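Alright, here's a single protein chain in two forms, structure 1 and structure 2, each given by itself as structure tokens.
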Structure 1
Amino acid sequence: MSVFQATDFNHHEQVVFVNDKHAGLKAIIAIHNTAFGPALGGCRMWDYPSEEEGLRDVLRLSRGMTYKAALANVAVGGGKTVILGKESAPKSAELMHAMGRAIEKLKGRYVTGPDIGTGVEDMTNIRETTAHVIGVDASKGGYGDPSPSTARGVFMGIRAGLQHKHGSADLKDVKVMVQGLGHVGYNLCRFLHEEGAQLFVADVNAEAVERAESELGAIAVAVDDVYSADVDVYAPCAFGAVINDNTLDRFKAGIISGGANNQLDQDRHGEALKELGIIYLPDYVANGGGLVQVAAEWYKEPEEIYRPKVDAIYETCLSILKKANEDDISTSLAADRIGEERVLSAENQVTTAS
């Protein structure tokens, strides 16, 4: 298996293959970049069809974390871990202790946290063998669920989109279609409702929809009608690849800002949105509020310090929209370029200082 020649290898600083035969642990830790601070990124457990797939995922995800952190203006770098194994399998404390020992050997260059297939209990077990973990139980200093911060950032993305399009970020009577009423989507609905937005919601979970109807006066939309809903804003908060060849022609919304990861099916769909005149707030920027909170947990910053950083996603989104306009490029490309500039400048500072 090639590492340096792998498609997703992108000047990663370090890739560690972990094998603990006693605990039955096989994992890969990828540290993409530490110019801003320790590489931070969750520990994913997934039944990859092959080791190559696991490597590809950890390289891609760790790189993504570098740019997400750069755009969120937090002092952490990009990293990720994948444990090769069934996400639904019971995870023994022994397995997580072994994972913690491997992270400990990196001497603070990498900090882990929960991700798909792992949770608070696993992080609390990892905490027993390394201090380089966040997302632990609140009784052990954890900050709890980051989803409300993620939702707050998405809300800021919507406001920035409105400001850019209409010269006002006022949400009164603005029609917003929220797809997915889970941890992020429902919190987003609350923020929007408080500001007088008119909510349209869809979820496969009928209870969540009924709750939004009764608590927030939302109007239910069938899950298949989400993309063609006659609204001002579309907020995807369920799953990725929602902007694709089948949905592009159906959008009536002029602004897209949501919490879901990887909303563009392919990079070219970012360009297509630009051609259609739809303002797209890149997902990894709009949903960066959760990362701001977990970075704050690492640095023990109180809410009054990190909350304004979540709200600053508004300014970041405005600067992305401005750059996209000036350079006549898609917003996704504009965000990538700003991220690259910031990473390069941080790397130069590190090189100059050393």
Structure 2
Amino acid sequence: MSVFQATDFNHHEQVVFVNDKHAGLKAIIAIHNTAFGPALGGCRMWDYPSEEEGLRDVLRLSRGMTYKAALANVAVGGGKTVILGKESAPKSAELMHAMGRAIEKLKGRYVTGPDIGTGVEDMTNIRETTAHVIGVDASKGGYGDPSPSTARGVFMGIRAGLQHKHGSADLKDVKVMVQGLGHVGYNLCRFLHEEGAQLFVADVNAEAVERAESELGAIAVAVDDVYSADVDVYAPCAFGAVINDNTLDRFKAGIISGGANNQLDQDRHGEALKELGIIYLPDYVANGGGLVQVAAEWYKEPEEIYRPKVDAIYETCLSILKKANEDDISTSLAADRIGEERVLSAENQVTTAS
């Protein structure tokens, strides 16, 4: 497996392969950039088809975290961990202790947190072998689950898309298709419901769908019919690569803003959305609210300080939409350029200081 020749390798500072045979841990840690501060990114556990797929995911996710941090104006860099294993499998304290020991060896260059397949309890276990972790139980000094903040940012992205497209951010009677009813997706549904949106939901978990129907008046949509749903907004909150060659021609929604990472299967799909006239709020911008919260936890910022930063995602999204229009480029490219400019500026400051 060649890291430097990998398609998604993008000037990553460090990639670490972790193996602890006693704990049964096989993991990859990717540190993309530390110009703004320590690389911060969640610890994901997933049953990847191959080690190559795990490497691709961690490289893409860590790079996305760098730009997410840059656009969210928080003093952290981009990193990520993937644990190769079934997300539904029991995660022993021993496994997480081993993960913590591996992170500790990086001497503060990387800080982890919860992600798909891991949660607050796992982070609390990691905390026993390293201090470089956030998202731990509130009783242990943590800020708890960042999912509501992630959902809040996605909500702001949707409002920005509506404002840009219709001149109003009002959500009353706006039809929104939410794909995935995990912590982020369900909290997003709550925000949308409170503002009078018409909810359409889909998830492989039937109980989650039934709950959304009974509590929020949502309308269930078959998983296979998500992309062709006749709605105003599509909010992907499950897995990435949902915008691809097989789904592009099916979209009826005029706005896409969701919590899932890496929603574009390939970079060219951002341009394809532009040609179709679909407003796309880049995922690493819209879902940046969770990062704002966990960065605040790391720096011990109170809620009254970090909450406005989450809501500021609305203005950030509007600025990206404006730049995309002015430069006649896709919103994904506009966001990348803004992020790259900020990262380069930070790197130059570090170089000058040294």
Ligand code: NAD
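All values reported here derive from a predicted model rather than from experimental measurement. Residue numbering: sequential along structure 1, first residue numbered 1. C-alpha atoms forming the largest set that superposes within 1.5 Å between two forms make up the rigid core.
Of the two forms I pasted, which one is the form predicted alone: 1 or 2?
Looking at both copies of the chain, structure 2 is the one that matches the description.
Does the C-alpha of Asn287 move 2 Å or more between structure 1 and structure 2 once the rigid core is lined up?
Result for Asn287: no, shift under 2 Å.
Classify Trp46 as shifted (yes) or not shifted (no) between structure 1 and structure 2, where shifted means its C-alpha moves by 2 Å or more with the rigid core superposed.
Passes the 2 Å threshold, so yes.
Is the shift of Asp115 between structure 1 and structure 2 large enough to count as movement, that is, does its C-alpha move by 2 Å or more after the core is superposed?
Yes, shifts by 2 Å or more.
Having superposed the rigid core, state how many Å the Cα of Thr34 shifts between structure 1 and structure 2.
C-alpha shift for Thr34: 3.3 Å.
After superposing on the rigid core, how many Å does the CA of His22 move between structure 1 and structure 2?
That residue's C-alpha sits 9.5 Å away in the other form.
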